[in-house]
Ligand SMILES: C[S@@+](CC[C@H](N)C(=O)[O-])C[C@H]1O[C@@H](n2cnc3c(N)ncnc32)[C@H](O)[C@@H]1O
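Only one chain is included here, represented as structure tokens and corresponding to the form predicted on its own.
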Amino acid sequence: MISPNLYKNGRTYDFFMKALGYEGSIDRFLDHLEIDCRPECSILDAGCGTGILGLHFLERFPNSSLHATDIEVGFLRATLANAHRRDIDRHRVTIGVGDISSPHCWTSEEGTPETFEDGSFDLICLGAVIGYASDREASLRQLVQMLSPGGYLLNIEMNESLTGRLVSNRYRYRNISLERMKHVIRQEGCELMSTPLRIQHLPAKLTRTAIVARKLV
């Protein structure tokens, strides 16, 4: 199993995600996920890691733009490197340092503090990051509030299988239960369209599940 220490090194972590087939399995899942955004949609990948989720949707929606935030600068660099590898125009990607505990706040590449307004995004992507927030429910509520009417929230979350719990414990990931997460999302005015990962989505299926929500108009 990958050492938690590698999470501090974006380049090394990115290598292992590709070498172990994790990135490919997530892409295969996303390929068949029904998310109907406008071509020029605005996307937020909060706690972006190496950019797997946000960059996938940049390719799907050719006139879209991506804001990618992460607390680790190394992962922001890895996201840009992966955008280049996918031949995505750099001008479509904005990166900034941000803490999932306050997802509406971020700092630009120039060091300027910025704030995302409510209703700013058509699609918000999360990849097992809520469990690192100081107040997990409050962060989740803030994220949903940042969705535009009709916008989507996609969370590729840690599942509650034995494998998922073991990996969460190894990475000191402390999430709320999936049922509680769904309840909070509904309270904030979304309908849920959860989609399980299947055998063709190995190895991601071993530790992840997908929560898809759409904000009601």
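Just so we're clear, the structure is a prediction, and the values are computed from it rather than from any experiment. For every residue, the number given is its place in the sequence shown, counted from 1.
Not pictured, yet referred to below: the form predicted together with the named molecule.
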item	value
Listed residue that, although the named molecule is not shown, lies within 4.5 Å of it in the model of the complex (heavy atoms), from 41, 52, 190, 58	52
Contact assignment for the named molecule in the model of the complex, among 105, 81, 88, 71, heavy atom within 4.5 Å	71
4.5 angstroms heavy atom contact with the named molecule in the model of the complex for residue 66	no
4.5 angstroms heavy atom contact with the named molecule in the model of the complex for residue 99	yes
Heavy atom of residue 208 within 4.5 Å of the named molecule in the model of the complex	yes
Exercise: residue 17 in contact with the named molecule in the model of the complex, heavy atom 4.5 Å	yes
Partner-facing stretch of 146-154, 176-184, 41-49, 28-36, counted where any non-hydrogen atom is within 4.5 angstroms of the named molecule in the model of the complex	41-49
Partner contacts for 125-142, taking the named molecule in the model of the complex and a 4.5 Å heavy atom cut-off	127, 128, 129, 132
